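Shown here is one chain on its own, the form predicted alone, set out as structure tokens.
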Amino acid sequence: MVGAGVVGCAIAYELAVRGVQVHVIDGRGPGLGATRASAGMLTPYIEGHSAALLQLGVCGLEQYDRFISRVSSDAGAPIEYRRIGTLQIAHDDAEAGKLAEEDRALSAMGVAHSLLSGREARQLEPALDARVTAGLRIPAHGYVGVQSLLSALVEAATRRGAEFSVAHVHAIDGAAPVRVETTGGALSADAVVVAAGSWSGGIVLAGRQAPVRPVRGQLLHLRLSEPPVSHVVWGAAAYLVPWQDGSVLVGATVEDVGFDERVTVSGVRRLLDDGERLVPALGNAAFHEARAGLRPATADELPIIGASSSMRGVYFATGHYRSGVLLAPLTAALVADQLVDGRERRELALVRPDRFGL
């Protein structure tokens, strides 16, 4: 397994549960890439920007209750996970019109939701800005505390025999066995899963490279004595994720800046302004931390999952862009089913590596 973000760790856990001997290699260690800067939102009906991504996201969300229960039990550790719903808000007629369009689309799909007036939205969340003109509530949505999930996945996988090591992977040669060139020397395995996120594209794969590019996202972590809102609040320019301890995550920028992982003054300023526009009380919050991560994007904004069509023993689980946390349980099941059982679930048709010649 190459990559120890939330996707890679979920796959490692799933494979270990099924009796596979797993060795996870990452250049930094578990969860120190894009996963560290993730807000952990589980919001497919907002972020499903295409029919295929929506299908994948809904399937991923459906697996989460059981997934969290299994991982928490196997790790012997709690995971912060709440299906508290989302509340999208509008500040003007144009934004309200978009919520009305989403209302019609959700109705057509039979998804439980409520279209609210500005007054009704503020009654639901009194801390919202007074200029809110409309709201759209989707109760099925929620979030997971990513660091608690990541730690539990590593612990649960380790208890099942998985090993983790720190090294950079340069090249993979599909064969029998598969050869993996790392900074710590060469390794061999019956199968290798490439789950290195934005760094997947830097691994030479029999003369090919995965077409994944980094997109920076900056995120703020603020602290208050108690959560200012009870839903994940989503505006046109930012979102807020309230944790049980009073912390609030404010995200996120979308910046095509290559492999630049810096937190910037302009990014922090923008998120603070956009966050306060949603909930003015955030101006009195304590500033805890700002983080940045590089999301792995593909040309069609769909992940690359499944067995390579050209390299024997090589599997992919990369390119998840903004949906890595949401799709982690589904990706783990897709890869494990195919690698261990030779079974291909229907969702694989949407994300096959061969659409990029891999």
Ligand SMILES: Cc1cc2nc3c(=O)[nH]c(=O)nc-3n(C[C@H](O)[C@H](O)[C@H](O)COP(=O)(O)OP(=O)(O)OC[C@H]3O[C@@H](n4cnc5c(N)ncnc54)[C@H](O)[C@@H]3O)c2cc1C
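Residue positions are given as counts along the sequence shown, with the first one as 1. As the structure is a computational prediction, the values presented were derived from the model and not from experiment.
Although not depicted, the form predicted together with the ligand is the subject of the following passage.
Between 109 to 117, 272 to 280, 154 to 162, 191 to 199, the stretch whose residues reach within 4.5 angstroms of the ligand in the model of the complex through a non-hydrogen atom is 191 to 199.
In the model of the complex, none of the heavy atoms of V22 sits within 4.5 Å of a heavy atom of the ligand. In the model of the complex, the ligand sits within 4.5 Å of a heavy atom belonging to L32.
In the model of the complex, the ligand sits within 4.5 Å of a heavy atom of S323.
V169 belongs to the set of residues with a heavy atom inside 4.5 Å of the ligand in the model of the complex. Listed residues P329, P303, G40, G306 were compared with the ligand in the model of the complex; G40 is the one with a heavy atom within 4.5 Å. Residues in 65 to 95 all lack a heavy atom within 4.5 Å of the ligand in the model of the complex.
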